[in-house]
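Okay, so here's just one chain, in structure tokens, the form predicted on its own.
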Amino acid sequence: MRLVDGAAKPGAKILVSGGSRCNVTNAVVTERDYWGGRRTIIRRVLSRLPVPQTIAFFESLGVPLKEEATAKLFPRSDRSRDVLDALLGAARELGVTIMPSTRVHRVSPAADGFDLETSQGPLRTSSVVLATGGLSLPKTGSDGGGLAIARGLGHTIVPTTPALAPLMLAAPGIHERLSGVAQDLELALRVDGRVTERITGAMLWTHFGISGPAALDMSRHWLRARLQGHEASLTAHLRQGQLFESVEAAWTNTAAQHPRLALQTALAEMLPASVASALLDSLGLDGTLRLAQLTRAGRRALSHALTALPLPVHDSRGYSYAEATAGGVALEEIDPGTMESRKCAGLFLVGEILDVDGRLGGFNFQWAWSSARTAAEGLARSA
């Protein structure tokens, strides 16, 4: 068995994941943590290697995992290098020949398998597993080459977009003065005027726009809506779970109880002080204003901003900064019991190349492990 990799050093995406700690999986993983192809298929594949077996597998390789408060699982050593070294070491022990710096240009069906045209010369093999990733982080080797090979072998490619990517906001905007500030909030996506997604969590303001878990998880939904030609808009709910009416009533009550309290002081009790200051400036409200002096129009404008602050997204930062790819090989064209292609016998497809993308937190790695295990069992049975 040969592992052919176009990169000089295999596993670069493992090394950079999770802040170089490698978020191996999550304590709880279900098909509801994914988008793309049919969830019934995703559920079946995940069941072939569920989380407890994943933990046991890495334990057997000498990489015990630890669960953090967020339910993410990392190697106890906090070193992604340990994960990669263990996987490569296990492959070598099983007699796998690792061929780095070997770019596959073409895969052609042959009478007894496949002919591969590579940068190091031709290869012949009885079966092929495409585990090339999608388009995210192209410097690590996932530059779309695998998608081109799959298309050439008869597969349908669901149009791709970045996923888990930072979002860029139009300038000028309050994000420019809040770079580095994080806060918990809810993001709401409206598609053609109707709310289609709500995601809560931490968001990070940046010099170009927004990042952090909530923004990264939302990115694929905004990008897919735009890809499909819909009008998409994003708002931030800075007061999670509260409606405009309740927020406005709270301001009225606070003003009655503390009429001399400065607006900036009152708002800074709800939000990071820097966010409070930037928000008031954007609304043209004087932070030194006493609550008793706040006009009805000012109170309503502030309440609207706290419950639906427009975030003028104009794009993501692209595949170079995306942690995953949405879209890919149509999942219905794969046998979920083996990961073998329904279009080309002897061809197996796993991981991010397929039309499956998970939310932030180890879910995309779990899909990679589970789909790879399913393919390995399918290969063993076919052999």
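Numbers follow the displayed sequence, beginning with 1. All values derive from a computational prediction rather than experimental measurement.
Below, we refer to the form predicted together with a small molecule, which is not included among the displayed structures.
Residue Ile149 is the only one of Val83, Leu311, Leu306, Ile149 with a heavy atom lying within 4.5 Å of the small molecule in the model of the complex. Taking Leu65, Ile42, Val350, Leu49 one by one, only a single residue has any non-hydrogen atom within 4.5 Å of the small molecule in the model of the complex, and it is Val350. Of the candidate stretches 135 to 143, 184 to 192, 220 to 228, 291 to 299, only 135 to 143 contains residues with a heavy atom within 4.5 Å of the small molecule in the model of the complex.
Heavy atoms of Thr102 reach within 4.5 Å of the small molecule in the model of the complex, making it an interface residue. Contact annotation for Leu153: none of its heavy atoms lies within 4.5 Å of the small molecule in the model of the complex. Although the partner is absent here, Ala131 sits close enough that one of its heavy atoms falls within 4.5 Å of the small molecule in the model of the complex.
In the model of the complex, at least one heavy atom of Gly6 sits within 4.5 Å of the small molecule.
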